[in-house]
Each structure stands twice: as structure tokens, then as C-alpha cells.
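The form predicted on its own is given below as one chain in C-alpha cells.
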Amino acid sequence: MIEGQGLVKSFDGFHALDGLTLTTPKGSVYGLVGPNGAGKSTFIRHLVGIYRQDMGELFVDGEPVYENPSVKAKIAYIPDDIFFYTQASILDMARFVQSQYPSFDMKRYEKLSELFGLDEKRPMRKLSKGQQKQAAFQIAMAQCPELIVLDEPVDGLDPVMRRQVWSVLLQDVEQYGTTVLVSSHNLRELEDVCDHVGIMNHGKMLIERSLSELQENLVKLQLAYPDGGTLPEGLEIVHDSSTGRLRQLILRGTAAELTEKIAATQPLFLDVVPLSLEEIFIYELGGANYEVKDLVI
């Protein structure tokens, strides 16, 4: 669905994108993550046709996006800061979007209006941030897009509405093959909905895999040795910490292979602990350099 190859974008000599390569399968939910300043929002602005890359190629369904109305008609975009005209109501904005997107389905808009329960005649400037996000989802999903691009999509929504929004999005993925690209710092939430993840840093793609592959190739082990016990040689250790006799390791490799190797050294205790997407993010970015540090005075 999305193919980016060697994307470069500079602002006053700073490379916001520095050879970025990204691939998003059709019908997937792709989580784009990275530290602040990694280039996520810059890439998204290229994807929806706001920016034009200095170098490289970016395609949606095999066609370039920039100044291509037929491709843009397939895309719905919800930015972190919602755009609306000052005096416009939700219905006014829906009618405006309907005039721009031939696929807009007013019947679907009305069903979504019942679901979200907002007063469609109320000016959007008088809505809370969370209500503005709900209105944006209501309008965007009524476009019946093939690709939905989301930048911090559920920021400001209460827990119940977050679940409601994700439920409708995932229903569209399942029923219509909609592709979703979402950039968010809420990694715990992305872990529940994404099937593919791309980790960006310094304008580059650091790692891009399915979520299951990420979780299979980085393992957290807890173990304890009797006095004099040692680890086997040849382990690729990403992180090593101890609390008393309990040692915690983050290792590259598969759980089966690593537990077999370490079990041969006869530890008193050995356990595999599931890694969260947040932990994978920290250790793939550079381990100790990205961990939370104590203030030393």
C-alpha cells in the first residue's frame, strides 16, 4: 500500500528525513514510533501530500502522492491538531469534506454520529479537545478511505472512547481491507492494535518488522545462579541488571534457543518474561542510552 524508498527532506541544512525507507502492507495496522524529532510527523506530511521530498520516492498503491488528487482521494488524515473553520459546526465540516471526497458516505456519517453522540450543529471551536477528535474520526471514517493516517490519534479521548474508536477502525480493517498508519507515543496502546511496527530515529528507519517478529527476536530472561555460576559464552546481551541474586537479561535470539543454552549452566532459577513494545522500543534504540536515569546531585 505504502512504499517509501530513500526519502530525504532537509530544512535549513537539517535532514528531517535522511534516506528513510518504509513499506506498509495493504490491510495492515502499521505503528510508526520513534523519539521526539525522529521525523515521524515529517514523513506523515509527505504521505498525505503536504510536503514534497528532496530525494527518493513515495508511492501509495503504486502512484506518487504529491499533487495527485486521485491518490489523495483515497486518504483520510487526522493530525494531532485538528483543523476546522472558526465558525463551522461538525455538520458544516462534514459537508465541506463531502464536497472534496467523492467516496464520502453521508449515511455512514449519520451512523457514526449516533455512535459518538455529538451535537453536529454545535460549533467545533466550542468542543473540548477530546470531542474535536471524536468529530474528526466521525468525518474521516465517513470518507470510506482506503488509507487512514493518524498522528497521535486518541490523545484527549477518555478510555471508553479510545476503545470505541479503535473498535470501529479495526472493524474497517477487517471488513474493507482499510490500511491504517498510526504514529503515537502510547506504545502500550499500539501493542494492542498494530500488526506491523517501524521504529524511526534521526530521520532513518531503524527497524521495520511485524510485531510478532520483533517480540520473537528480543528476549527478556530472569535467572539466579548459585555462587560461582556463569553465563555461557556467545550471548548477544543488550541489557544486564541485577537485584540481589536475581539477574535480568535482555538478549537477542529466540526464547527456545536461549533458555536451552542458559539451562545447561544449571541456574537455580530461570524464567522467560514477555517483552512489551515499549521495552523493545527502548532497547532497539540503544539500550542504556535511552533508559530512564536517576538524577545525581
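Note that residue numbering begins at 1 and tracks the sequence as displayed. Predicted, not measured: the structure shown is a model, and the values here were computed from it.
Just so it is clear, the following notes concern the form predicted in complex with a small molecule, a form of the same protein that is not shown.
- From the list 232-240, 41-49, 247-255, 59-67, the contact stretch for the small molecule in the predicted complex under a 4.5 Å heavy atom rule is 41-49.
- Residue contact check for residue 16: one or more of its heavy atoms lie within 4.5 Å of the small molecule in the predicted complex.
- With a 4.5 Å cutoff on heavy atoms, residue 37 counts as touching the small molecule in the predicted complex.
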